[in-house]
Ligand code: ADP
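Take a look at this single chain, the form predicted on its own, given in structure tokens.
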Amino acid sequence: MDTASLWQSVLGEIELGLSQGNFVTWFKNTRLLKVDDEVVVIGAPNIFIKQQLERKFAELISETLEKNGVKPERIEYKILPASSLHRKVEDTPVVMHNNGHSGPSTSTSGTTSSLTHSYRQGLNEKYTFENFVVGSGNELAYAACQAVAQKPGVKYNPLFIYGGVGIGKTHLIQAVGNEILARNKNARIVYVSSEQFVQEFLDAIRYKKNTDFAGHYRSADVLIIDDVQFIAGKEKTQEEFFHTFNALHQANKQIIISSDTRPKDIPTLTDRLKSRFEWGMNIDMQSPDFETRCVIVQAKAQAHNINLPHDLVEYLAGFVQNNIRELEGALNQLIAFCEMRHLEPSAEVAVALFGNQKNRPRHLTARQIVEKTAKYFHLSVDELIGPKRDKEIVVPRQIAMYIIRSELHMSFPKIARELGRKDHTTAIHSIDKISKEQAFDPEVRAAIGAIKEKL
């Protein structure tokens, strides 16, 4: 296994335990330079990142290397020469062009920024619509993002996508930027995590570069901000973002935002930002279902030019159920393990590698789903499976049927019996109804997500 593949596996696992902003800031441009029994040498793009890796992340790096079969006597950190980095930091705003490389801004506004940052990142060219796996939990978000990419600033502005960790929000919003650049290579796309936005704003104040900071963001054709919930509680940053938002929206420039929760539920976010975030389209992304997870595993494996047996695909899809990033990390760990030991990936190897790790209960039952659904809606199990047809009971009953079908793949007659129904067509109708409703009803999606989380 070469150093690049090993480091990719290590980074995949490290990414699981860090916020997207932290991972991009401290690890994105690192390299693995040397590996042997005595020393591992890791390259960092500058002295600041080198010091942070040594002081803050040394233990995490050491533990993750050991998990991947590397246990050196010591780990050293070196500063990489500028020529070895993917991009150079220029004295103008950095954007991503359609060839995937960064370069000086093509904006003709006359506003350029002399405030540059080693951690300022552009779009990642690997995030495209073509390699995004669409399932029932994300098809509405996918359709909205495609509509925005075709007519930026016209449809769904702002576009606000929210959902749990590791379900593909970052992939989807960056795919919009990459698609717009593919259509118009001169478009000025600014992608930033909220942590980076906050840090750059603090630096602008410190070095008296407020005008440069404002110019960088307000001259964008498309502003994509990831994990916006992290600006909550930061009053000055929220005020600056408020003015940036207004300037872009007034100029019909596209704004795309992601968060782990809907705007009104972000604590200590100002009311005026909440109201602006709700101007356009708010979409809730759900965790992928079993079938979607299987497709994701297969797609990720094929990217490594590896064909996995069907039972291994199903094992991995069942092993990690809520987080695509964790799912990819588990796959990367399995591939690295097999490559280092010259094994063929199989379900038996996966069980040996992951079998002792705790995850969601393996033997989920229909009864457990019924109980959790009843509890969520403050009903008794007897009410849920009883004869009453009041709306406040029928809808939870239908949701329980839908979850049983999506999680356990049980037959319609069995689902009907679990919910006290004699006719299996009731189950068919209920599951079809909830499947359609969750696409546009945020309350139904939220209920399904919350019940699944409790399971």
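Don't overthink the numbering: it's just position in the shown sequence, from 1. No experiment lies behind these values; they were computed from the predicted model shown.
Although not depicted, the form predicted together with adenosine-5'-diphosphate (ADP) is the subject of the following passage.
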### Query
Pick from 166-174, 145-153, 269-277, 338-346: which stretch has non-hydrogen atoms within 4.5 Å of adenosine-5'-diphosphate (ADP) in the model of the complex?
166-174
### Query
Exactly one of 301, 324, 140, 366 has a non-hydrogen atom within 4.5 Å of adenosine-5'-diphosphate (ADP) in the model of the complex; which residue is it?
324
### Task
Identify, from the list 199, 131, 210, 184, the residue with a heavy atom within 4.5 Å of adenosine-5'-diphosphate (ADP) in the model of the complex.
131
### Task
Using a 4.5 Å heavy atom cut-off, state whether residue 296 contacts adenosine-5'-diphosphate (ADP) in the model of the complex.
yes
### Query
Does any heavy atom of residue 160 come within 4.5 Å of a heavy atom of adenosine-5'-diphosphate (ADP) in the model of the complex?
no
### Query
Does at least one non-hydrogen atom of residue 241 fall within 4.5 angstroms of adenosine-5'-diphosphate (ADP) in the model of the complex?
no
### Query
Wondering, does residue 319 line up within 4.5 Å of adenosine-5'-diphosphate (ADP) in the model of the complex on heavy atoms?
no
#### Entry: Cα-Cα shift for residue 168 and residue 409, closer or farther in the model of the complex, minimum 3 Å
closer
